[in-house]
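There is one chain below, alone, in structure tokens, taken in the form predicted on its own.
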């Protein structure tokens, strides 16, 4: 069995803003692209357009309709990947030492050459963050793009995980949680970052920022679309144009 470091020099991870995520799947696509072309063996895609498609993804987005006790329902998009837990059960259960947590930055990785595909780590992970590659027969998981964040051939702006780099809504943030002055540490403090399933006691490094309260309308006039506009006479060109188009 693999042992965990008592502490790590850095604690690299993600902060995901559930209030900002729009569920566009750009992070899923960029993750798939980068990890298929670079780190380790390509991520499998078998019969992608057939009756029985099989594929490996390290990052997925789930969407849920949330109905609060007060206010209107809202749609929450929930990205999920490996959380790089401090007390990672996927590491301690590995019989070959293929799964391990790095001392220098806390990233949990899989040495694919030592993985025998037994699936114990997937069974131990409470978040469903590991996937068996149907082609390579080894376990795959998020690496926090370890081959990007230390790659000095890349521009500084690109030395972050692919999912963070590509997010159009700025919902994903990357940094060192051991540094209280880092952006991720400040976001967690200011917005009340939370753990996923804290009852599992895995101490996930990645944090989620909860959605902010939404504006509510106490009363809606169903006849509003039929009411006359406040301005009877158009005072701009666009207003005049709309008037002329209404006559057609």
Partner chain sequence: MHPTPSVIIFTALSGLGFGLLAFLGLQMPDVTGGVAFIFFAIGFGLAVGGLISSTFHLGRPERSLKAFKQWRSSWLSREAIAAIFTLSVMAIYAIGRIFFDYDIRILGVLGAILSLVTVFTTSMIYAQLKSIPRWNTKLTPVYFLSLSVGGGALLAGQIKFCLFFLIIAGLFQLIVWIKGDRALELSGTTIGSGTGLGTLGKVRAFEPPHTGTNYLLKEFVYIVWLFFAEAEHVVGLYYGKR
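Note that the coordinates shown come from a computational prediction; the quantities given were computed from them, not determined experimentally. Positions refer to the first chain, counted from 1.
Not pictured, yet referred to below: the form predicted in complex with its partner chain.
In the model of the complex, its partner chain sits beyond 4.5 Å of every heavy atom of residue 193. For residue 179, no non-hydrogen atom is located within 4.5 Å of its partner chain in the model of the complex, even though that partner is not displayed. Among heavy atoms of residue 130, some come within 4.5 Å of its partner chain in the model of the complex. Its partner chain is not drawn, but in the model of the complex it has a heavy atom within 4.5 Å of residue 117.
The three marked residues, 10, 157 and 160, fail to reach its partner chain in the model of the complex, with no heavy atom of any inside 4.5 Å. Applying a 4.5 Å heavy atom cutoff to its partner chain in the model of the complex picks out 75, 76, 78, 80, 92, 93, 94, 95, 96, 97 from 72 to 110, in order along the sequence.
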